[in-house]
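Heads up, the chain below is alone and in the form predicted on its own; it's given as structure tokens.
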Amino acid sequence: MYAIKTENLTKKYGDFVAVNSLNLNVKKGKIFGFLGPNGAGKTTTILMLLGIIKPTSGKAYINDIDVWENPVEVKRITGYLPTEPGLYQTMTARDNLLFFSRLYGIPKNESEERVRELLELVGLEDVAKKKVGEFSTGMKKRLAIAQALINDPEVLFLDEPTSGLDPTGVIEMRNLIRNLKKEGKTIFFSSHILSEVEEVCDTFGIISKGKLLAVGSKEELKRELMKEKVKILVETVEPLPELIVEGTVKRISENKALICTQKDVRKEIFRQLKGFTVLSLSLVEPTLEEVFMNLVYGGENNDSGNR
């Protein structure tokens, strides 16, 4: 069963198409990475999936619930961490969470326990009575995660969750996201920071100018790119001879070269290296960054010789 499903989901502002016929399926219990440059339509998509803004056309479902036919029910089973969390700066961490628990109608005796558990989960139990305005950026992010979890959502939407965090904060956020997955939650992780998405996500969707360009696991996306350009790294003990193959040969050193071609020509290269001591002759897989650059920018600024 899919936790998130869209059918030709579209949002227009006048003549501008923010999201263009988005068809997306995210399985339950997975971490889905939604990748795209700034302005690609990521946040607009999230807001439509949450029922906060109305699509121009198309459908969206959360756990098979139609978002626009049952918006209140969708809000009961979802949590949302926006890029800029809406926390009350003059209230304590504990009081912020108690306030949001009341908005969800959680009974007082249950909310007290829920708030205590969440503050412990995000590592803020020792500053529960401290005003949020005195918190660091990382502490505010962690509290915002607790806020998004106050209703124990089945599906959690994270919009740029690591932005503004220092390296320690980033690691803590990654670990928290992995632990939430272990609890069975589906996580929709939107970001333009490729390394962060690659660290924790199971599957990925790449969006640009409102259009979904590719969906799949990291391995599936890499294989798709390798169909268009195969890279072969060859290294010998002796200086390499001139290799004649279909494609381009880039010399890295006198005994090492990178061949870029449209097909696997390792057998052909090996025949030309008879009598040489071959140290390596292997396919070079693209990185997720190369997949992203190739899809979004057509491979511009992609120096594959140094990968």
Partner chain sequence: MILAIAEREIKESIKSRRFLLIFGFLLIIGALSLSSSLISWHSWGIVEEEQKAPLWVLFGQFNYYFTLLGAIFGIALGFDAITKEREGGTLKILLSTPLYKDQIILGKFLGGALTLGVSMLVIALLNLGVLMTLGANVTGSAILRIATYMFFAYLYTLLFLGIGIFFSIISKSSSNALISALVVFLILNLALSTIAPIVAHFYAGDPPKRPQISINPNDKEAMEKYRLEMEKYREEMEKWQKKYFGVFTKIRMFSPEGNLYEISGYVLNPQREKEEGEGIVVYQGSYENQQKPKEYSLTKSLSFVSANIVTLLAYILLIFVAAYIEFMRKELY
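Numbering follows the first chain given and starts at 1. It should be emphasised that the depicted structure is a prediction, and the values quoted were computed from it without experimental measurement.
Not pictured, yet referred to below: the form predicted together with its partner chain.
Heavy atoms of residue 191 never reach within 4.5 Å of its partner chain in the model of the complex, leaving it off the interface. Looking at residue 75, you'd find a heavy atom of it within 4.5 angstroms of its partner chain in the model of the complex. At the 4.5 Å threshold, heavy atoms of residue 135 stay clear of its partner chain in the model of the complex, well away from it. Its partner chain in the model of the complex is approached by residue 47, whose closest heavy atom lies within 4.5 angstroms of it. A single residue from the set 52, 278, 252, 265 has any heavy atom within 4.5 angstroms of its partner chain in the model of the complex; that residue is 52. The contact residue chosen from 139, 233, 91, 230 relative to its partner chain in the model of the complex is 91, the criterion being a non-hydrogen atom within 4.5 angstroms. Judged by heavy atoms within 4.5 Å of its partner chain in the model of the complex, the contact stretch among the candidates 121-129, 91-99, 174-182, 210-218 is 91-99. Along 79-106, a non-hydrogen atom within 4.5 Å of its partner chain in the model of the complex is carried by 80, 82, 85, 86, 87, 88, 90, 91, 99, 100, 102, 103, 104, 105, in order along the sequence.
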